[in-house]
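As structure tokens, one chain now follows by itself in the form predicted alone.
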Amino acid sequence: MKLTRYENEMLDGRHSEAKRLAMSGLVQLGEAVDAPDMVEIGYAHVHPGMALYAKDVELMEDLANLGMKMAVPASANVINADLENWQQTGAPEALVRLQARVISVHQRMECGSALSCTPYWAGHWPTWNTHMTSLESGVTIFCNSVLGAKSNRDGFFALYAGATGRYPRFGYHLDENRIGSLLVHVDAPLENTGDFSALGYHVGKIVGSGVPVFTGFSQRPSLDDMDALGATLATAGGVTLFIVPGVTPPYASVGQAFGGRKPKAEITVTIKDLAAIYDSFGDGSETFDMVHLGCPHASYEEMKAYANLLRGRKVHGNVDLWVTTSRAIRDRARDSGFVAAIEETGGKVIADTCPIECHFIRTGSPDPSLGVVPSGIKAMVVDSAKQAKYARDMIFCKTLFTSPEFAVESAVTGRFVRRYGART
């Protein structure tokens, strides 16, 4: 790889051992993918240090002790506990104490914690044409497809990139890779974020790691719609970028989205396709003991919507309702009265974590001393196809997928309300 003088200095250890370690890892990555050089990044969403994984917190502390600091604006992903209100989630205290140690690590690394899978709602908003890096696939696809930033799907390398301000030039950092591969005609009513989530799940299974281009929306999708669509495209497939001409910068037309070439393939999505996704996660005959809203972490507008749907009502006595969001959005929602409106119904507003990343998870490798035991959750109602898949696969419980409005109705009545039924 061709490196600049400063990049060679970092590689030689002339700036710190932490930068040497980080740059060495990035050079190995670059050489593995035949990257010609490095790009300068403007933002990084990095690994937070997870208490449920053996020695992960200690690893982050070791890096901080080596002097690792973020060279660019950075945020950290979700952790394994709500550090402010951990008691209401039933988290073991030993887990919380271990997890709390990473906050000081973030401070030493000069990383804005965020502790969210939607740091953009918390103010981390990389602009068009900004090279960046993220370990969270939902952040990657939102920033690529909504903001016009440039990012690959990264893992721990995001931390190295944040520490150096550099990343190998390959993948979606190259304009020639940022073109469509599948044209998607949407011939179905999309009335809420659940429908966009179902659409993403259906198309993600078809397109794999390609780049879908969407047409046929009856109106311009909202930011929350785009967030829901991207999150499930990245979950059901390996999608890193999707394009909505006229919304995704800089694509003004379908022709531009495909680089002037014809699409490799075309599909049409109907209401029956969306209904099949909803129904694939349960037909409604199952009972449930939990309703979870806010996957990805809810935006301010979603918090407002949930509060208005719940206001003046009560969560059923046999149901545990969680609404998850970032700590920044929870603070704003608290100031606006939305948190109180949710909590007055018996619901819980959780930050920093979510069901699939907290002590409910069964696919981690926790230290037995942390006191993590099986959750006992048998079935969960969700308004996100992403959460429907991950809760099923990582908590080992049944999942029932419906729209946000009907998920709230399910929480209040104690009976699952399907998004689609006989009318389809």
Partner chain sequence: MIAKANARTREIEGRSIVRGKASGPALVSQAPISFLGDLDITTGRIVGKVPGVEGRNLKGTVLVLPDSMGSAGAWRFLYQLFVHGNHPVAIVSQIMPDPSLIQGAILANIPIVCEASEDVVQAIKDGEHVEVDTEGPRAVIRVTGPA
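Residue numbers count along the first chain shown, from 1. Here the structure is a predicted model, which means the values were calculated and not measured.
Note that the form predicted together with the partner chain isn't included here; everything after this is about it.
- Think of it this way: in the predicted bound form, the partner chain has a heavy atom of just one of 142, 160, 196, 278 within 4.5 Å, and the residue is 160.
- Only one of 125, 217, 300, 170 lies close to the partner chain in the predicted bound form, with a heavy atom inside 4.5 Å, and it is 170.
- Only one segment in the set 65-73, 52-60, 36-44, 380-388 has residues whose heavy atoms sit within 4.5 Å of the partner chain in the predicted bound form; it is 52-60.
- Contact check for residue 373: every heavy atom lies farther than 4.5 Å from the partner chain in the predicted bound form.
- Using a 4.5 angstroms threshold between heavy atoms, residue 202 stays clear of the partner chain in the predicted bound form.
- The partner chain is not shown here, but in the predicted bound form it comes within 4.5 Å of a heavy atom of residue 25.
- Contact annotation: residue 292 falls outside 4.5 Å of the partner chain in the predicted bound form, judged by heavy atom distances.
- Contacts between stretch 139-159 and the partner chain, counted in the predicted bound form as any heavy atom lying within 4.5 Å, involve 153, 154, 155, 156, 157, listed in sequence order.
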